[in-house]
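Coming up is one lone chain in structure tokens, specifically the form predicted on its own.
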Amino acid sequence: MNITIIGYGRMGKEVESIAISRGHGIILRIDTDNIDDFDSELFGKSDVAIEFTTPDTAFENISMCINRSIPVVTGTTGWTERLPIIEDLVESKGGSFIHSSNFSIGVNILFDLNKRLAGIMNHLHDYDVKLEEIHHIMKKDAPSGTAINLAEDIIGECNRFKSWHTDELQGKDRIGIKSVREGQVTGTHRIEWNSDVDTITIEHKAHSRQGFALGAVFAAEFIYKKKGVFTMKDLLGF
């Protein structure tokens, strides 16, 4: 495939390396200094675009891809309150879009395990839950999109919880999410169920960005020549 990378920071460079290793070509790299390339003839020749930017720019980037009939993968978080608008745009344009708060295969296994455990805990009221996410100091959104997904999945499976909040507002019907920003931590997510007699913990710790980049390239391969809105659940068959 001919791939355009949108956002040429650390993740963009990791995506480039993985994509090339899998036999794909990078025909364009769009970053803050060449935004006008969205209007270029070369961009129009892209088979798929992979977008890792910021919460403030993701919506416009994704919209431009869909309006140019280019399938787009995004791993940017912190913008999804506008996701219904993108879904409507994909439908009206006959486009192709896949999004995830985390493209890591391991994290998506964590999502599945988290939902199953939350379903069990729906009947075990002695357990309370808390979440913690740890990322590098450059990450702009907090809590992470992955942590929010984990909390919302617990709420969907365990009906004694009604909402999530940051740890300062933790309560019996709320899931507390603690966000830590330190050093160069790639990403750690921990779900902890506590009772008076024991603690059950499930955790995913990323060792590098390669897992995220590989999943994003898998996602690009998955949506190539498909139409519609997809998530990693579709790719993995969960």
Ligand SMILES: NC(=O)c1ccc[n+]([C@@H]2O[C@H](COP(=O)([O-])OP(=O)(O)OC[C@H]3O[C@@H](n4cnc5c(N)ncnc54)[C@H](O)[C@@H]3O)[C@@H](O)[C@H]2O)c1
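Numbering starts at 1 and runs along the sequence shown. Because the structure is a prediction, the values reported are computed rather than measured.
Not on display, but discussed next: the form predicted together with the ligand.
- The partner is absent here; in the model of the complex, the one residue of I30, I191, I62, V48 having a heavy atom within 4.5 Å of the ligand is I30.
- For the options M11, V229, I18, I223, the residue carrying a heavy atom within 4.5 angstroms of the ligand in the model of the complex is M11.
- At a distance threshold of 4.5 angstroms between non-hydrogen atoms, T54 is in contact with the ligand in the model of the complex.
- The ligand in the model of the complex comes within 4.5 Å of no heavy atom belonging to I200.
- The ligand is not drawn, but in the model of the complex it has a heavy atom within 4.5 Å of N102.
- K139 belongs to the set of residues with a heavy atom inside 4.5 Å of the ligand in the model of the complex.
- Listed stretches are 155 to 163, 123 to 131, 70 to 78, 88 to 96; the contact stretch with the ligand in the model of the complex is 70 to 78, by a heavy atom cutoff of 4.5 Å.
- Within 4.5 angstroms of the ligand in the model of the complex, the stretch 193 to 218 places a non-hydrogen atom from each of R209, F212, taken in sequence order.
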